[in-house]
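First comes one chain, alone, set out as structure tokens in the form predicted on its own.
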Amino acid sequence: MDRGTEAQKYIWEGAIPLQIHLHESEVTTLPPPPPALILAPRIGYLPLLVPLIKPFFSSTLPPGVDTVWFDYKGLPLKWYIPTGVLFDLLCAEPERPWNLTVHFRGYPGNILTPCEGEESIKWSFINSLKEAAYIIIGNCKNVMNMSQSDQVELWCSVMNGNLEAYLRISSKLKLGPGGDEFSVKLNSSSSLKSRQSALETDTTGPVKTGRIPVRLYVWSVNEDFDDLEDAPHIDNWDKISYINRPVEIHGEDKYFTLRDAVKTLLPEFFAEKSLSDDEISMPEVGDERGLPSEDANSMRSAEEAGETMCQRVESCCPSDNAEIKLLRIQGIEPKLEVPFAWVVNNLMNPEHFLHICVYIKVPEPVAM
């Protein structure tokens, strides 16, 4: 039985300490309730924490129907983005515990798509899985033909962080992180570099295509900063560009690295020079950002994937003097020489997407 790699186990067991405060407008008692302290799974979703959080605040809530949502420093958080990705995107300088505010009233429907609890999250996950299947093998029949029991078990494995159960069920979908030729090519080429580390040993078996589903979150800033604690605060989702684009692998003998993958995803920043690892700041942990609200719809169906997976970044600037300040995947800031096969095989989310958060310093536009 496949028990997963050591890196996969770390990802699935990973959790973010949260300190959750009830918004002051919903406090009806004195003294106000203390914040709730809980651990949020990296691969989970914030609304799934509501059953754990509500008992801390139920006695002080005003009358009304619950419409739960979260914010970070006033920014409503997209419920369909995995918690770990939000943290990597929105906390440039690691914040532990991560201080969030929960609201049980006043849902911001102009910013967030409706969420009806666990069912909404489950179907968002399944639709993302369909989208990934469409990208990898050209259709989503394997996902659509899942038995009801397998579908339930797959979702429960994600909610409960059960990697073994997840691998057992997901293997039936025959998706995998890459194709037979892709996996063999990358794993064999990586051995040429003879890396005596976990990067060589933590690989999964071969699978079926050379197209890797990627969700890329790009934060472009004009202000320069050397320390992440000086990075500007994100107060609007419009500041984040969201790319839903596959990485396609070409070349039989090429040693394909994370740098090569980033070049294919952000060609506008690599038009004139290659990115070196010395150009990336390497602090200890994750950042958080999200996607524009209209992009939530790209997760709704596999059919839409055909249109959205090649979506371009609209707010990125030309490559002249642009600098990648930070690149994070699953809270890790990997070196760009890392074999992309290792990244795919070990850091992919359960819905078969690789989520990459990037901070880019771009020059100020010149007024004409």
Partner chain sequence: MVSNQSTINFSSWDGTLSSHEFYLAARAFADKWKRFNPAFPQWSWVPRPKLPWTAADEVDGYLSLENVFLPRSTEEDHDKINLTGEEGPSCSNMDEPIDNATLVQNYGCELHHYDFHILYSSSYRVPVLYFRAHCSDGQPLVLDDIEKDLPANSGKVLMESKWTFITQEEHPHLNRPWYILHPCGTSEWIKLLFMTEASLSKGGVAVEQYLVSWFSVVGQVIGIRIPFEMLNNCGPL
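Quantities reported herein were computed from a predicted structural model and do not represent experimental measurements. Positions refer to the first chain, counted from 1.
Below: the form predicted together with the partner chain, not depicted.
Taking non-hydrogen atoms only, Glu223 never approaches the partner chain to within 4.5 angstroms in the predicted complex. The partner chain in the predicted complex is approached by Arg211, whose closest heavy atom lies within 4.5 angstroms of it.
Contact annotation for Glu116: at least one heavy atom lies within 4.5 Å of the partner chain in the predicted complex. In the predicted complex, the partner chain sits within 4.5 Å of a heavy atom belonging to Asp238. For the options Ser170, Ser157, Thr101, Ser120, the residue carrying a heavy atom within 4.5 angstroms of the partner chain in the predicted complex is Ser120. Note on contacts: among Leu112, Met146, Leu75, Ala231, the single residue with a heavy atom within 4.5 Å of the partner chain in the predicted complex is Leu112. Not one of Trp69, Phe87 and Ile332 is positioned with any heavy atom within 4.5 Å of the partner chain in the predicted complex.
Contact with the partner chain in the predicted complex, judged as any non-hydrogen atom within 4.5 angstroms, is confined among 18-26, 340-348, 354-362, 5-13 to 354-362.
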